[in-house]
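Just the one chain here, the form predicted on its own, laid out as structure tokens.
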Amino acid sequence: MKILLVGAYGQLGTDLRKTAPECVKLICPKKYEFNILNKEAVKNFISKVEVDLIINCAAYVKVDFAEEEVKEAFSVNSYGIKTIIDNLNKEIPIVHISTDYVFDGKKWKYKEPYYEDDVPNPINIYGISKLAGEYILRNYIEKHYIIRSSSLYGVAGASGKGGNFPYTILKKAKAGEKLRVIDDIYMVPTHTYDLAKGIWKLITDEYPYGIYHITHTGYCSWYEFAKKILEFAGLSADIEPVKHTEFPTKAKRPLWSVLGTKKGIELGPWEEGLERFIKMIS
């Protein structure tokens, strides 16, 4: 199976490359070869290769900047997928990575996860742009997988964000800085190495096309996540739980973006994923 991996050198793309099964031949263009903002570059590249499937990991992920960089966010997260579709044989399936931020967080009242059949209602530009990308894919390509995940972190770090949450916590703790971490926003931390293996299972086991939530199981606040990072790393730090109102941001964030699945792909407890990550970077 020949697969074109867009965004192959980002945080998730790196782990997809590491975990690719032997039956897969990956085509991994650099950004200058396949920039989804450049119609001609996309057209030229796709015309030169024959692939059986495309995985799109390219994304604009700067949540706060998106409130002002609206055009940039939509250019990558929604119009970018249309650029790929316009230059593709419509029989070629597309795997597209989406986000927990397509939901508004109101299920926190019931402490219930968001499932694949819950109605999205994003509350910031980033989430809206990602949901628009979902709708474009669903309405133009019949054979598609939309994968929503949550609070990603991996060894490669997120280039669009300049790292990830565990790296930030570890860096500050080693520098002896006091940590103030939000304790009233809940999510599912997801190790991209484990997510990548879940994606490959979806593809190679030929699951039915559609929307899938793939995360670890359980949930926590960012404060609880930070404490576990320190524990697994064997570090101590002065860490204080604070409310989200003490860190005003341009973009509103859902206070509850816990994902669950009704479709059977789970990655195991989030604590186990984190422990694996800490061992990988130690």
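On a predicted model such as this, the values are computed, not experimentally measured, just so you know. Counting begins at 1, following the sequence as shown.
One more form of this protein exists, namely the form predicted together with a small molecule; it is left out here, but the text below deals with it.
Judged by heavy atoms within 4.5 Å of the small molecule in the predicted bound form, the contact stretch among the candidates 43-51, 56-64, 240-248, 226-234 is 56-64.
Though the partner is left out of this view, K130 does reach within 4.5 Å of the small molecule in the predicted bound form, counting heavy atoms only. The closest non-hydrogen atom of V70 lies beyond 4.5 Å of the small molecule in the predicted bound form.
Shown alone here, L267 lies farther than 4.5 Å from the small molecule in the predicted bound form, counting heavy atoms only. G157 belongs to the set of residues with a heavy atom inside 4.5 Å of the small molecule in the predicted bound form. Of the candidates A196, M187, I97, I169, I97 is the one whose heavy atoms come within 4.5 Å of the small molecule in the predicted bound form; the others do not.
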